[in-house]
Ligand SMILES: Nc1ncnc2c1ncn2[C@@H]1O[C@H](COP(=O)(O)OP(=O)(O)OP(=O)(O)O)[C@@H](O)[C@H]1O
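We begin with a single chain expressed as structure tokens, specifically the form predicted on its own.
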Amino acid sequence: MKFIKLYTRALSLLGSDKKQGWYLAIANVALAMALFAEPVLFGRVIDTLGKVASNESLPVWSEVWPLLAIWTGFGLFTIFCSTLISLYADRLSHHRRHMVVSMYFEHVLQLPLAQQNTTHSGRLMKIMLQGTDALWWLWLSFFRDHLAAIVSLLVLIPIALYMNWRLAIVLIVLCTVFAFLTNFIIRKTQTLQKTVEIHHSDMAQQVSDTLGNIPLVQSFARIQDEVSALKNISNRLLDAQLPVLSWWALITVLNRSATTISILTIVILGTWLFTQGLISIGAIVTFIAFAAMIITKLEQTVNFIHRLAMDAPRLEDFFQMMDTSPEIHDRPDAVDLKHAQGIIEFKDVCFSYDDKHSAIRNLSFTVEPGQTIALVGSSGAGKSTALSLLYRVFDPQSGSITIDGIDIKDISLNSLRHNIGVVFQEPLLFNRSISENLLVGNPEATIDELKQAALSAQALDFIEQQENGFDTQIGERGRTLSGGERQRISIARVILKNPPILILDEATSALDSATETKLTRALESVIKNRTTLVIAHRLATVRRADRILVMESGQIIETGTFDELYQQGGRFTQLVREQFTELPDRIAS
């Protein structure tokens, strides 16, 4: 993206603050115009004093006083205008920064897992923080400093040409050299800076990945390995960054040299023009002041473009993420499913992750309200994939899935997921208190309801044993709790949600046998009158399922009750015997 596009895109994010942005822009233009009064008035004062010196009959103060009064008026205006610009530019930039952070956060959360899985969470966070930082700086510096500087440069040329076209040429040459050098450096450093940002993203990903797996790092004695990996990324980052810094240091030297030569040229040329009677001393002083002003504005502009060039890849990453359209979204006429009865039908559903290898093939089955259906099979058979299609983590390439006769694509995502409760194989918990994690299921739940849900999930005892009870902070991903404790909290959470459709994806896999037995009995009351789909490797947990679907390679190869399938002597019988080699008859009885 070109700088102008970045500018336009950044300014388009002003949203409801756009009117304030226009006021600041107008104030910047007024300030830029007022700044030229000082050198012009300075030159006029010098010329007036020269006239008084050559003609002693002229009164000094009567000639100079009006100029000084006008000068004072412009000075007070610039002070007042600069103060207001700084104040409101700060407020605008900070306000919009927080608004854009919220926009980005909401946008990323709405992206389907299939799209999020392609980008590491550390990279997503880096894009958010650095992108919004870059936007904040751009808004602040644009409205507070650089808009006035750019306008000043544009206004300077016609004013200088009007006053003396010969000396104006010197300033035009200075601006031309500056523009050429800046364009040259930008072209040289753009690709390099993109490489730098790639290394920054790699570093953020590496740090996030390592910090999220500290138990693994420590248990495998990988501390030095991870530190070395981070140092390698850091070294690659420095190798890419140093050439960029060298190029920008070069433009600073060249810019200073060009401005020094320009001032000398103005003095020398101005002296010659004065001897020829083509210019006054005051005009020479004015052009020297112009040169000093343009040096300041050029340095500001160089710093601005330098920073913008450094931030351009970050802004591009940010805008690219914001432009990513969710592959799964509500249709314009999507309906709200108030409270589902729980009739689920898969009809000839096919799905592939890569459009080459089928994960689900022609899957068809129906679940009646209140039924418990179990999906069993070896790892990779497609069980979790099939049920993730139900709450639209992915959409099938062909076939249809309906709830209560309505295609789930015609149901709003929010209402669809409100009607489905999921207990994942891996407990997913926030780094918050136990009560806050439970309230995810029902934000309006009372403390008594929290306790009842925890009791039903066999979690109340260990929660009350915590030092702060339900207010106990459980760490990142619930790290301070055992695997079984985390899973029981996630089960209590879905109990609080009280959905008509329940998905248990290996919900008891992290529990010991005694707790699993208690929890299975507790879940019987939770499952009652709900449409429940259970994924289980422990076949004893699906003993009481109304129907069992045996899956292999994304297809249903057997269906029936536990006893019916066991007596068939097929794939299900093989799975049972693999788990219960000593007691197959007892399991089947």
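Owing to the predicted nature of the structure, the values given are computational and were not obtained by experimental measurement. Note that residue numbering begins at 1 and tracks the sequence as displayed.
The next section is about a form of this same protein that is not shown, the form predicted in complex with this ligand.
Novice: Based on heavy atom distances of at most 4.5 Å to this ligand in the predicted complex, which listed stretch, 154 to 162, 470 to 478, 120 to 128, 351 to 359, is the contact stretch?
Specialist: Selected range: 351 to 359.
Novice: Looking at 486, 383, 314, 493 here, can you tell me which has any non-hydrogen atom within 4.5 angstroms of this ligand in the predicted complex?
Specialist: Comparing distances to this ligand in the predicted complex, the residue within 4.5 Å is 383.
Novice: Quick one: from 547, 537, 530, 44, grab the residue that has a heavy atom within 4.5 Å of this ligand in the predicted complex.
Specialist: Selected residue: 537.
Novice: Look up in the predicted complex whether residue 431 has a non-hydrogen atom within 4.5 angstroms of this ligand, and give yes or no.
Specialist: Close contact is absent here: in the predicted complex, residue 431 is far from this ligand, nothing within 4.5 Å, heavy atoms only.
Novice: In the predicted complex, is there a heavy atom of this ligand that lies within 4.5 Å of any heavy atom of residue 425, even though the partner is absent here?
Specialist: So residue 425 counts as contacting this ligand.
Novice: Do residue 379 and this ligand share at least one heavy atom pair within 4.5 Å in the predicted complex?
Specialist: Flag for residue 379 set to yes.
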